[in-house]
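Single chain ahead, by itself, as structure tokens, in the form predicted on its own.
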């Protein structure tokens, strides 16, 4: 973890961005790799790359195409198309608070944020460009060449492209919701309906918090939530090659969840109402279904209370779009 006196060769104290300056005092700062400390130059470079369509083979798709800042860096489409209108299998997740992820992608197949961007860049259904071709393309742009030198002291290379993107993503922090204000003592921050929904959410009856826990409202485990009897996307099993992991995906954070419809790994549920209906009435009973899931029934008032609570998890910056 970076400390207040941390300094790195070639980087002045004034250029550093420390995790504790990005998160509220009551939230534990995220860890930053010692070999990729946050600096303004890296974040500026990463922001530019994030919004750069030339990062895709036909120069039509940027990271921002799938992760829209006014939608908590998610999208309204079940599957956002990549180059040539091609589509993959998974719904784009919110990138807010991705700095805290212990493993990356919905199946946990990427070990750290600093290499994650290589997956969509080279995926034939997303950006579809080889890292070698991308390096040549960016190096031919004098502005990019200058920015990489300023940020990393090197020419454009495949090592620093994803690390610059990771540096930008680490600044996308959201802990400023009405729920946070209420938790910190502002009892007027939540409506009575949201307060009732909060009690339901954390109750043994619904057991939501067994998976959606902590400041991120996720324990980051991999669970099968009974969405299907037969999964076309095997989820975690694609990584572990273990049949016991079929249909398991990383439990998503519920922060800003009201902005990130549609839901589930494949975007197959269109609203929070459908999500609540799924957990009440539509569990598949798959052999790997999480034992944490409990049968429950909500009346109409309780459904509205749950909706009010889930909506209270929307941060004010996420709602208006982060000024990043």
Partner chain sequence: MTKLKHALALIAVVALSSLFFYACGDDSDSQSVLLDFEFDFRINDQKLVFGQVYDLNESKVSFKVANYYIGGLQMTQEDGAVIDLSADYLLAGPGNIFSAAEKVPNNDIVKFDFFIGVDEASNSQTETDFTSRPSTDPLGMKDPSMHWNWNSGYKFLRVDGEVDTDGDDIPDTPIAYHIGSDPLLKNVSISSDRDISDDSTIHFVLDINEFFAGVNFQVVENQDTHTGNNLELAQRLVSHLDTALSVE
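A quick note: this is a predicted structure, and the numbers were derived from the prediction, not measured. Residue numbers count along the first chain shown, from 1.
The following text describes the form predicted together with its partner chain, which does not appear among the structures shown.
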Its partner chain contact in the predicted bound form: residue 158, any heavy atom under 4.5 Å:
yes
Counting only non-hydrogen atoms and a 4.5 angstroms cut-off, does residue 187 reach its partner chain in the predicted bound form?
no
Any chance residue 163 has a heavy atom within 4.5 Å of its partner chain in the predicted bound form?
yes
Does its partner chain come within 4.5 Å of any heavy atom of residue 131 in the predicted bound form?
yes
In the predicted bound form, the residue from 150, 209, 77, 239 with a non-hydrogen atom within 4.5 Å of its partner chain is 239
The listed residue (195, 181, 86, 115) that reaches within 4.5 Å of its partner chain in the predicted bound form by any heavy atom is 115
Each of 111, 122 and 234 within 4.5 Å of its partner chain in the predicted bound form, by any heavy atom, yes or no?
yes
Picking from 164 to 172, 131 to 139, 69 to 77, 210 to 218, which part of the chain touches its partner chain in the predicted bound form when contact means heavy atoms within 4.5 Å?
131 to 139
